[in-house]
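One chain follows as structure tokens, the form predicted alone.
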Amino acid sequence: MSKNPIYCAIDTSCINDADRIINEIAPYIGGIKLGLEFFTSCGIKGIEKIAKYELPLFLDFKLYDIPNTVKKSLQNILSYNPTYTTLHVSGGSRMLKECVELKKELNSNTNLIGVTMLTSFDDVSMNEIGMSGTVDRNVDNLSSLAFECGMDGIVCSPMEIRKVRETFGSKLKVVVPGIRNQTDNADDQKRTLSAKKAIEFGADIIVVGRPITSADSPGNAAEIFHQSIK
């Protein structure tokens, strides 16, 4: 394993808290994921402050809207040169293809990652919102759509890693949230697995949030995760 695959999700509304946590965990992680909670509070200045750590950035805004709106939003995101950013695959082929074309036009190196099914979803949750089939079947379908549209990778839970790898090999990067050690609280995640198992199954990037950021010592927690995958 040449690069550290652990990206820590800095889900906080306070830039000072984010700064403190990253200072502690920086030696043990491979990148930083910033999502909506961080961005809606800390904004562009927050991203610029976090960028000073010179760690790869994952801007996880899960874009989902009409193609024109998503494309214009993505153009703004790409100006920050994140290593990864996310779009919902369920936005459809036109949305995805226009975003892939935009990336090419801008000569961007950012990896466009398609969100399949959120790790907070299970089959019951899907039925509640009128989606048919199982989580597994929908992950299969959405992963295929992402591949056909030229996306760089997908987000899936640890439970779907092996199937995605069997189908696409190394043609799609696999980004995996829902990472928990045995002693961790699953919180609102329903499809979880350990960091070591996720890497063994074929994850390229594993995203760890609250088990690190909510720990009494984020630095120690990050080190434990780092040691667990060696």
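This is a predicted model, so every value here is computed, not measured. In this text, residue numbers run from 1 along the sequence as written.
The form predicted in complex with a small molecule exists for this protein as well; it is not shown, and the discussion that follows is about that form.
Every residue in the set Lys33, Asp60 and Pro211 has a non-hydrogen atom no more than 4.5 Å from the small molecule in the predicted bound form. When you look in the predicted bound form, the only residue of Leu112, Val139, Met95, Val115 with a non-hydrogen atom within 4.5 Å of the small molecule is Val115. Interface residue remark: Val207 is counted as part of the site for the small molecule in the predicted bound form, having a heavy atom within 4.5 Å. In the predicted bound form, the small molecule sits within 4.5 Å of a heavy atom of Ala9.
Of the heavy atoms in Val155, some are within 4.5 Å of the small molecule in the predicted bound form. Shown alone here, Thr119 lies within 4.5 Å of the small molecule in the predicted bound form, counting heavy atoms only. Note that among 60-68, 162-170, 196-204, 46-54, the stretch whose heavy atoms approach the small molecule to within 4.5 Å in the predicted bound form is 60-68.
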